[in-house]
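Next up is one chain by itself, shown in structure tokens, the form predicted alone.
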Amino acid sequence: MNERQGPAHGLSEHELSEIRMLIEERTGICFDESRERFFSTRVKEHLRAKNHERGTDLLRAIRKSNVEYEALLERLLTQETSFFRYPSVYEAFKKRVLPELHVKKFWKNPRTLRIWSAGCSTGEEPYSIAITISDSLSFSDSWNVEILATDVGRHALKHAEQGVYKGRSLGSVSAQQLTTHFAEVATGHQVKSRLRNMVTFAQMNLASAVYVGRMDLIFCMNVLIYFSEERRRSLVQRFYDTLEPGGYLFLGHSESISKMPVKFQAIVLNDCILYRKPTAEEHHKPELVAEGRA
């Protein structure tokens, strides 16, 4: 009987553990017990796809080559995403946050709005932000809108820069938005250049502190879940320091920073929680505010 059962089975627990530790060391991303099955399945898929015989071959490849390492990381991190993935977040953004920023910055010259999409994957999130801004009448061409979209995955960013989408990814885009903001191409629908020009894509590892300048808004949805508690705390602190006073942090539905020492104001709107950095005059205000409907 053949002892070797093919590359898919050539991974020991020790090798999986080594790969897990290497990723955490380099990126701060932690695949804990709750993701054990997902992690081993994806690594085995990668082993097969790369035609490696054993886990040691894969380990050698990712230690030696950045390209090989990033390819594995993308397989582990890239998830199916879509435009307007959390409708309540974009509703709050449109009805609560943008009008507030409009009033705050109306007399500034130039009128600049700076937004960071941290962990932008294949680009649906930053383009959803750009569409929401474009559809808000008060944010017409008289505003200078800068959206910085960062991700650790080079392949995902390439997809994002091309801005071509199809199928389920566009499920929540209205017919009006599709006509206004997309052009039909052979492989799907491409985001029009007017919106693409609002977004700058850059490869970034969130575990490394890179200066991005001051931001009015930060979207970091379903990213914190990948980090250890300690990394989460330091990242949320960095977001707080990066935000302008009165700026907002948007997180995914399953993510909470209520037990962290940073002093965001948590504003509850329907099933969405916005985290607002208080201005100097507002530090005495309550930390949790329920406002009902957006």
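Numbers for residues come from their place in the sequence shown, where the first is 1. Note that the coordinates shown come from a computational prediction; the quantities given were computed from them, not determined experimentally.
The form predicted in complex with a small molecule is left out here; the points below concern that form.
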ask   = So which stretch, 191-199, 147-155, 210-218, 98-106, is the one near the small molecule in the model of the complex (non-hydrogen atoms, 4.5 Å)?
value = 147-155
message = Using a 4.5 angstroms cut-off on non-hydrogen atoms, would His181 count as touching the small molecule in the model of the complex?
response = no
ask   = Does the small molecule come within 4.5 Å of any heavy atom of Ile29 in the model of the complex?
value = yes
query = Using 4.5 Å between non-hydrogen atoms, is Ser142 touching the small molecule in the model of the complex?
reply = no
request  = Would you check, heavy atoms only and a 4.5 Å threshold, whether Arg85 touches the small molecule in the model of the complex?
outcome  = yes
key: Among the candidates Asn222, Ser169, Gln177, Thr132, the residue which, in the model of the complex, approaches the small molecule to within 4.5 Å (heavy atoms)   = Asn222
In the model of the complex, the residue from Val164, Leu113, Ala71, Leu77 that sits within 4.5 Å of the small molecule by heavy atoms = Leu77
message = Counting heavy atoms only and using a 4.5 Å cut-off, do Gly119, Leu206 and Tyr226 all touch the small molecule in the model of the complex?
response = yes
